[in-house]
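In the block that follows, a single chain appears as structure tokens, in the form predicted on its own.
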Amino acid sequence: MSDYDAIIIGAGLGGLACGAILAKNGIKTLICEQANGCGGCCSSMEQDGFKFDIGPSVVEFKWVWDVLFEKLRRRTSDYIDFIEIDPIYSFITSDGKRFSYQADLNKTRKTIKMLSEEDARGWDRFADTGSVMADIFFKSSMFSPMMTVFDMILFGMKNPMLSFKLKYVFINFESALKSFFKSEAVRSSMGMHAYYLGLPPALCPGYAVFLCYTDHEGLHYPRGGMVSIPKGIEKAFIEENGEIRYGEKVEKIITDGKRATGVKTASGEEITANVVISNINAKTCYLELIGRDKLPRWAVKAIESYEYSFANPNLMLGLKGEIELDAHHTVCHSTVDDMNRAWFDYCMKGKIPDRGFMLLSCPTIEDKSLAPENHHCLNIVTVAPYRLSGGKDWDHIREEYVESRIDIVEKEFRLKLREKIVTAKLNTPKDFERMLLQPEGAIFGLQFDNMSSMVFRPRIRSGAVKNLYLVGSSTHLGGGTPTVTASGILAADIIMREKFNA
């Protein structure tokens, strides 16, 4: 007799979503989380009266949580208070010009028309194609398991329009942009979405370009900070008698032959279960928690072939007084070439980019409760390598990095920050590795290119270890708050069907 029906390693969005559905269906479920709170990357931290998001900063596809809470026989709004964001993005150019994209497609068209008459017509074509691609790639695929080649074929059969849009699977993000837009200013305003999948425009899959469209279907922020999303799911999980142990690190997945039978914690306790669900990095799960010696040779070779995703240093500033921003997200405008250069000439060579991708996130524009009165939270998010060249180390260049980011924002984009700073905190790739146990600070888990997505990504049901399932950013559907939540929903449905005949 096992101690639990299911044990989940990690209280991230995927683990919580999976656990909540299992518990709702009477499955005795335990979640073990090494940290002292839920959420993982989708979390928040407090400092000097400010509440900062440490990872994601907005939410697309809010309907994913509606699906989750429907399965829990609950209403999303009773657990998470989502605030609609509009404008969805603002942009600051190096010569001081500003423009914004609003949720309304026609208003965005007017903005694009001011940048390029020709690209305003391109926007019409882009929006028409984007609405189709949103249905295929971001709605239909959200709850398709993609565990076998047959699953991919079945997905194609259910979505016949896919055959007319296949070119966006085989071209890169940059080429997809160029097929709709001619103006460098317009292309650059959308290029940064490639980094939402953790790759530059030259490497990111072309279909991801339509994330620039799906933003217009609704962008939201949870009142109280991003941690409010996992806390809402955690509340529902506990209401269904689910059990969470915080500060409980799992060191090993116990196996009997080729079957997972439970976990061993850092304290030495062995806990048995009928199924084990991993909400941690897939490489860590397989190579460390199970161990190379317990895996078939093909599985070791396969999991070792995956590369970790990029790292996102996050500089969090508490500012006093008014802020010279009018949107939750402001992009420091840079060209597509600069975005590619940041990857190839800097990150790949162990250097910190001087430009290329810089996102300013100011959630206090919508939610003033995150900061003291007449103060603001500001996150400066960029891309950078985990391993630095020239013998440098992240722990030794903190002050240098902070000063360089503030210099860029002040000198190149003419925003006054230094005189307003009340408190500052930098999370480096090494900090993310220590806090979240994300190898190399890989916020997106594993790199997400065409050969590391869908059926080519580590699968929800393990093919190497029976009774082991994976959720989160390292499996299908990849990184992102809605996609990791959806992975938990998918896993729960599969586990209920395969293991508990429900």
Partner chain sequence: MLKKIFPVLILLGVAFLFVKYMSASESKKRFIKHLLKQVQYLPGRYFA
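Positions refer to the first chain, counted from 1. This one's a predicted model, so the numbers in the text were calculated from it and none came from an experiment.
The same protein has a further form, the form predicted in complex with its partner chain, not shown here; the description that follows concerns it.
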Among 389 to 397, 237 to 245, 323 to 331, 142 to 150, which stretch has residues with heavy atoms no more than 4.5 Å from its partner chain in the predicted complex?
142 to 150
Between its partner chain and N172, L203 and Y286, in the predicted complex, does every residue show a non-hydrogen atom at 4.5 Å or closer?
yes
Heavy atom within 4.5 Å of its partner chain in the predicted complex - residue from S462, S43, Q438, Q34
S462
Under a 4.5 angstroms heavy atom criterion, identify the one residue in F413, Y401, F99, Y306 near its partner chain in the predicted complex.
Y306
Can any non-hydrogen atom of D449 be found within 4.5 angstroms of its partner chain in the predicted complex?
yes
Taking its partner chain as it sits in the predicted complex, is L199 in contact with it (heavy atom to heavy atom, 4.5 Å or less)?
yes
So, L162 and its partner chain: in the predicted complex, are they within 4.5 Å at any heavy atom pair?
no
Exercise: V58 in contact with its partner chain in the predicted complex, heavy atom 4.5 Å:
no
